[in-house]
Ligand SMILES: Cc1cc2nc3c(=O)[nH]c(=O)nc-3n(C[C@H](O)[C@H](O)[C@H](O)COP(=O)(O)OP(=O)(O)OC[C@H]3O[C@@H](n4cnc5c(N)ncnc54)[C@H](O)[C@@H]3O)c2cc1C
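The data below hold one chain only, encoded as structure tokens and taken in the form predicted on its own.
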């Protein structure tokens, strides 16, 4: 378990600099742990990761063999990044602009850096004709378990014929793990290891003998003496003319560098990996560091293996810290021979070090203990808070605005958009105010919403903030036209402010444009925390206007999204949420309610509201009071996000939970909400779904249409006559109403 130090000592400020870590590899896990244990004051730290949970390569074969559960082998990056004070961005790097000091991402705007560290792993080398089409590469290892599951499921019945290409320790261990996995599942398989010219080509004769004996003793055929020259749908061809029939070929050959590195301008080794010195710094650019598979340490070349990446974590963290402070770096020399422990899948292991080799059950116990201890070292870390220093008094009023330099820089980077006839003045020609032409025959709908950032990924936060603000327009049956942004950012360097403001506005603009709304202006100011909101103007034909009032007895209550964003965000702030929980919540918060609103209008919805800060019961209570009616709600029918039940059972609640409970006390007996699973009914939602009353005769068709859109919608209750009152019970959804799914 990662522990924080009991005290810290004063250190020089990092000068507001930005350290960007790209990749969630083993070395970067060590960097995050180091900065969690001892933060660097004044530093902005960002992690860009392709997967939100890093798979430990040392436990991959055991996972394939079925000896570990998936969660035992992965390090959840969400709490680790939070402990290190790092912004976590779920994305992949696809390029590097060294001249501008920016990393290009697949889904996010480019990210600036003062110091960059790359730990993005490697790809499998698929240089054999047909390998890319007919082989299953092991790398990248993070996605390999899911890809393997899909490939094995596609094999069908019978005895599968599996081939593992690669005669190194990794290929041998994978072959052993596959044999065990399929045998334990009642599907004995034919497994052949294609070792190329020789098994363990860099090891001695003793190591080859011990490992070869272990493989053959377990029924794995080893073919040596020739490389694979072609892969096809029926099998593999070897250089000496032999043919190997197989149903699935797994590629565990050498590592290949990510192709985009060739376009970066960084110095690379002949294989395309980033050339670094003994301090793990690029030999061509002092701002760039690299570790793990992606790095070629020129003074000390080593094979691509996780054990070397693990050892690089501590010296990399130390040298990044020294570089931020302007101190001299210290060289790192890896061990000459690493200990390789190869699990056989049946309670034994083979140990290889240099030309030495051993085997036995005690070695498996040793391997399991080492691997589990390494992963546990990153569990639920607790960071030591940075020491606060008294800040100079900042001006208020208009003196507290974000500087014009930062604002202009952020706006300049937003993409230019074509003009629109209904927008006379907007961002393309900024003035004191935006000017719109009201649509003929429609009423205007206006709303405003704002909240502080709850994600370090500000581009993603901007998308969610915009989607949340649009919810009120959709709930009224309207279509959004234009939006004014309201942004607050803490005082800092103009370049940093511009970067953060652009990230938020770029994300918001993507959502607004997709919904037919144009960002036409806004206001920015200094604040204690980052916050973002929007004043949105929409239009609706009066005949299609939806209101919170208007429910009728017998209406079915339809909810278009699952609940739980509040408790998931609360868990994330406490470091108690799994990355998978937050990922599902973020996906839900980005899902537009516009298509669902149109379905509800076509279904003749009598009333509608969006479920946000007051929770499901609070917003339903508002509808009942406005309509003068009662309702019966089935808590079991209410869909919940992944992780909500577990978090509530652990006592995690949003800070608004108690206030929401007090607000509905007049509608139902509070004792009915005592069970943890019912607490979700009070959970405040960010960018929540729509809650609507739909005529009973049209409820099933409405629900089916929502499901076709991909909504996790449900009929959760029935409107009843009587004074505003809420009853809970499973009979809330009458059996006469068919519910799809």
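Numbering follows the first chain given and starts at 1. Note that this is a predicted model, so its numbers are computed, not measured.
Keep in mind that the form predicted together with the named molecule is missing from the display, and what follows is about it.
- Of the candidate stretches 227-235, 131-139, 550-558, 475-483, only 131-139 has residues with heavy atoms within 4.5 Å of the named molecule in the model of the complex.
- Contact check for residue 707: every heavy atom lies farther than 4.5 Å from the named molecule in the model of the complex.
- Though the partner is left out of this view, residue 39 does not reach within 4.5 Å of the named molecule in the model of the complex, counting heavy atoms only.
- In the model of the complex, the named molecule sits within 4.5 Å of a heavy atom of residue 260.
- Residue 643 falls outside the set of residues with a heavy atom inside 4.5 Å of the named molecule in the model of the complex.
- Candidate site formed by 443, 445 and 592: none of these residues places a non-hydrogen atom within 4.5 angstroms of the named molecule in the model of the complex.
- With the partner omitted from this view, the residue of 48, 65, 45, 699 that lies near the named molecule in the model of the complex is 48 [heavy atom within 4.5 Å].
- Only one of 91, 72, 346, 269 comes within 4.5 Å of the named molecule in the model of the complex through a heavy atom, and that residue is 91.
- Applying a 4.5 Å heavy atom cutoff to the named molecule in the model of the complex picks out 22, 23, 24, 25, 26, 27 from 18-33, in order along the sequence.
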